[in-house]
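There is one chain below, alone, in structure tokens, taken in the form predicted alone.
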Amino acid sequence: MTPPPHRIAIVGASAAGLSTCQALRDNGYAGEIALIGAEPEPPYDRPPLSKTRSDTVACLTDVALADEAELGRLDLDLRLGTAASRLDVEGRQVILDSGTAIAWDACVIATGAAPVTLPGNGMTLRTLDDAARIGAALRAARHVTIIGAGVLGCELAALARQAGVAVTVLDPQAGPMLDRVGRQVSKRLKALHQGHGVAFHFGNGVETIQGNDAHGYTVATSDGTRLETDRVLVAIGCRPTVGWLADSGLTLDNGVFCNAFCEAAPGIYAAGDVANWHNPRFGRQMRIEHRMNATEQGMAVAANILGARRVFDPIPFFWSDQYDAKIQVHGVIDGSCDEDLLETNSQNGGFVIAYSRNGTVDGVLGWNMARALRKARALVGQDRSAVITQFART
């Protein structure tokens, strides 16, 4: 058996990077671990930044993923507030923006993703500082315009309405989260948000954002509409943070291209939002921007660094909290899937839907149906016709 590496460099100090560190130590690794993070804060959890009111996240302790005792247990060479600028594959070094070179025998790329921006002063959400700025905006504004009706855009809309701020949401798609939850749930989400006073403008893109915080903003859309607003939030997706890898020789294709072992090259792995790996369960490359995936993929990478050679083939999971609705998804779904309503709850309006491609169930979604959805998870990978028949009998 190949001996474990003497020194491991993990670039990215968020959920995936920390999970890799913890799994390495939990599996008995006693070598050196360097954890490198561009942000000055120790690892913290990002989902609460949009799933709880942004103005209630008061300090790092509210979202920290590891306290001082845990970081001490991990015995890390912790390099925070410094970004990696280059990966020297041949020389086995990570070059930091300070010019410092960190040697490694195995390297984990966990640099995550960065929000897509638009020209103008639209705010994006990714970091604690972003959350603080948005919290301040919600306290100061009477009206916000949110560009993007995906998961994050819808969560921000719910946060703003719960803070008493008027909200307009713009998106070129035909409905909220349409490419993530399909037609039925998108229609239900639209009604939910409209019931809380959100105004939607679908079918057109944004041309310009002009203005400032002092005098307000004007958002011009592709159909000529001009919207006046106090603040603009941009939530149109993320791009994997791979610029520092441009001359590394690694394959960069919607992230760091990896095999089923999350391996990009001998001794080099990727985990979290930046990893585009082959999931053999679904027979395709995947890049998943979900919190659970980051943790599980970090654990899988640690095991493979230590010689396990296990494929990483999870059923992806994500959730979204909006007003009183908890939306949970197991699997891989989008607007192109066939949709079958499997179960409903007349008391809370909940339901479970199965999503299928080419006759196979690829995912299940529950709306306020956590217990039923845990059972429905077992349907992923089954024949669609058999599932429909099974639930028709119940």
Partner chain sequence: MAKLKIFIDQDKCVGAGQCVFAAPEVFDQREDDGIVELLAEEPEESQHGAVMQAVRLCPAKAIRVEEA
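As the structure is a prediction and not an experimental result, all values here were calculated from the model. Numbering follows the first chain given and starts at 1.
Absent from the display: the form predicted in complex with the partner chain. The rest refers to it.
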Answer option from 244, 257, 317, 282, heavy atom within 4.5 Å of the partner chain in the predicted bound form: 317
With the partner chain left out of view, which of 70, 39, 339, 32 would have a heavy atom within 4.5 Å of it in the predicted bound form? 70
Among 105-113, 288-296, 135-143, 79-87, mark the stretch whose residues have heavy atoms within 4.5 Å of the partner chain in the predicted bound form. 288-296
Could you confirm whether residue 370 comes within 4.5 Å of the partner chain in the predicted bound form, counting heavy atoms only? yes
Give a yes/no on whether residue 344 approaches the partner chain to within 4.5 Å in the predicted bound form, heavy atoms considered. no
Contact with the partner chain in the predicted bound form for residue 348, defined as at least one heavy atom pair within 4.5 Å: yes or no? yes
In the predicted bound form, does residue 334 have a heavy atom within 4.5 Å of the partner chain? no
Relative to the partner chain in the predicted bound form, which residues of 326-351 have a heavy atom no more than 4.5 Å away? 326, 328, 330, 348
